[in-house]
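Single chain ahead, by itself, as structure tokens, in the form predicted on its own.
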């Protein structure tokens, strides 16, 4: 039984067999340059996410790293959202090169906004936890089916949604992104769109902003680290007293 066209398009895209023909324009590179920037930003975001996932192996012990990496992710996520949003805006406002490039497969058009919302949700809730402090973040709002719900719980639920949606997005986009950034595609974007310097500068400035934000938040991260250690010692004392 043949696959529906919408599914077939995504499978071919994920396997790197189907590419949008991104026209290249002078100076900035147009859709081709935008595709390059989005691909590089996506791979950078993936690397930081991988590091963030490692901290989940021992959140109590690596809480400072978890917080700092979460802050580092914010500017990169905003750049990825901005580059994708720019492409969407140019397409729907009738820009000729972007209209010629066409939209992504239908399933990815539906998945894309959900990925953006879940990403902003998990990072935004993480920043909120830092802002209000550990005590307020862990304060119970209500109890549902015996489960205490707090701001931390909300962050965890958003992270699960983010993980599922981003995982699906990754399956569809990782191979094309690698092909694009390594020049293994046969379209104009893969052969080197103009504007490499500005795109590299944007990435460097984004990383610099992320580093500054992480440095500013580091004292708060240490506070969460100490709180996590106190909570762990409290749980161990409670178990020992039983």
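Numbering follows the first chain given and starts at 1. As the structure is a computational prediction, the values presented were derived from the model and not from experiment.
One more form of this protein, predicted together with a small molecule, exists but is not displayed; see below.
Visitor: Quick one: of 129, 115, 72, 122, which gets a non-hydrogen atom within 4.5 angstroms of the small molecule in the model of the complex?
Guide: In short, 115.
Visitor: At 4.5 Å between heavy atoms, only one of the stretches 107 to 115, 89 to 97, 134 to 142, 151 to 159 reaches the small molecule in the model of the complex; which one is it?
Guide: Flagged stretch: 107 to 115.
Visitor: Look up in the model of the complex whether residue 38 has a non-hydrogen atom within 4.5 angstroms of the small molecule, and give yes or no.
Guide: Within the cut-off, so yes.
Visitor: Is there any non-hydrogen atom of residue 19 lying within 4.5 Å of the small molecule in the model of the complex?
Guide: So residue 19 counts as contacting the small molecule.
Visitor: Check residue 45 for me: does it contact the small molecule in the model of the complex (non-hydrogen atoms, 4.5 angstroms)?
Guide: Heavy-atom contact with the small molecule at 4.5 Å: present for residue 45.
Visitor: So, residue 217 and the small molecule: in the model of the complex, are they within 4.5 Å at any heavy atom pair?
Guide: Because no heavy atom of residue 217 falls inside 4.5 Å of the small molecule in the model of the complex, the answer is no.
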